[in-house]
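Shown next as structure tokens: one chain only, the form predicted on its own.
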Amino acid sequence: MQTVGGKYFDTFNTISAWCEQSLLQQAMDQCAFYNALLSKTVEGSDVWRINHAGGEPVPVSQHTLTILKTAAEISEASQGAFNIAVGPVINLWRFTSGEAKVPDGESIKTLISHADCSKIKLQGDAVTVPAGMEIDLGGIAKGYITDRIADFLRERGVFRAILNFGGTVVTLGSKPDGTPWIVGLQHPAGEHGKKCWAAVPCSDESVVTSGVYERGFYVNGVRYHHIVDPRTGWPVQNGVDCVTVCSKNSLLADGLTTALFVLGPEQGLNLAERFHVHAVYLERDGKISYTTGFNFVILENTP
């Protein structure tokens, strides 16, 4: 098995498969194309042009339209628990700056008032975002990208592979011996990549996780993590440590993990059932909740 790695989308990504390493490198190089197309910070990208259009329609690629349509579907179904217009509020928290400071409440309230993604209009190949609103596809695009890179490999005859893009894992086929891939779920209290609380066997599926352990800071003993409730502008404080979604569609799974985290287990599992995906929650007190029939294994020493 060959493996290549690369840093894209603020995370280190790997692709492993039984094929020539040069082919895997070509697959990884596709990330540069999608980053240039979908990043809000790359001048000339679809998202950059949308955010700088002053409320005018912007023609975009089919890639961007597909992501926006799924984002709108998840936002509506979750009653706003997922929102691609909440980026400016998240920026206000400066989770990646190393500065542990809670933003001013009035500033949060002002930015939230402009984050109504139901006002985004899709017509033909054009997107219109109201002036003063910005979108950010960082909470959903990685799922779409991993699916497209998986397609790139399949089209070139690779049918056994695993792609790990941060919290998004996509499996192609099974292992050579016919057994499924085993995807470990990161333990919130463990060293990254070293300790898992559960394992998911899967073939031709994606496993996407959102957790409080990824980014955040403490102020006066309170943990402020990077998963912000789009309805309030504040980090979610519902007792959930992490939630994982397993689906054939990584784009859908990526967006749903955030929505499910915000909603909490009771509403979130109902939403997962509506979208016909499997999901599992690990709460801070050790409670585990999951959709009916989800095949996963709880490992020892899980709190």
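Since we're looking at a predicted model, the values are computed, not measured. Heads up: residue numbers just count along the shown sequence, starting at 1.
Below: the form predicted together with a small molecule, not depicted.
- In terms of contact with the small molecule in the model of the complex, the residue from T258, S250, T244, T64 that brings a heavy atom within 4.5 Å is T258.
- Residue-level contacts in the model of the complex: of K195, H114, R160, H226, one residue has a heavy atom within 4.5 Å of the small molecule, and it is H226.
- Taking the partner from elsewhere, every residue among A81, G166 and V262 has a non-hydrogen atom within 4.5 angstroms of the small molecule in the model of the complex.
- Taking the partner from elsewhere, E205 is found to have every heavy atom lying beyond 4.5 Å of the small molecule in the model of the complex.
- Within 4.5 Å of some heavy atom of the small molecule in the model of the complex lies at least one heavy atom of R215.
- Put simply, I90 is close to the small molecule in the model of the complex: some heavy atom of it is within 4.5 Å.
- Taking the partner from the other structure, the small molecule in the model of the complex has no heavy atom within 4.5 Å of any heavy atom of T171.
- Listed stretches are 97 to 105, 195 to 203, 179 to 187, 132 to 140; the contact stretch with the small molecule in the model of the complex is 132 to 140, by a heavy atom cutoff of 4.5 Å.
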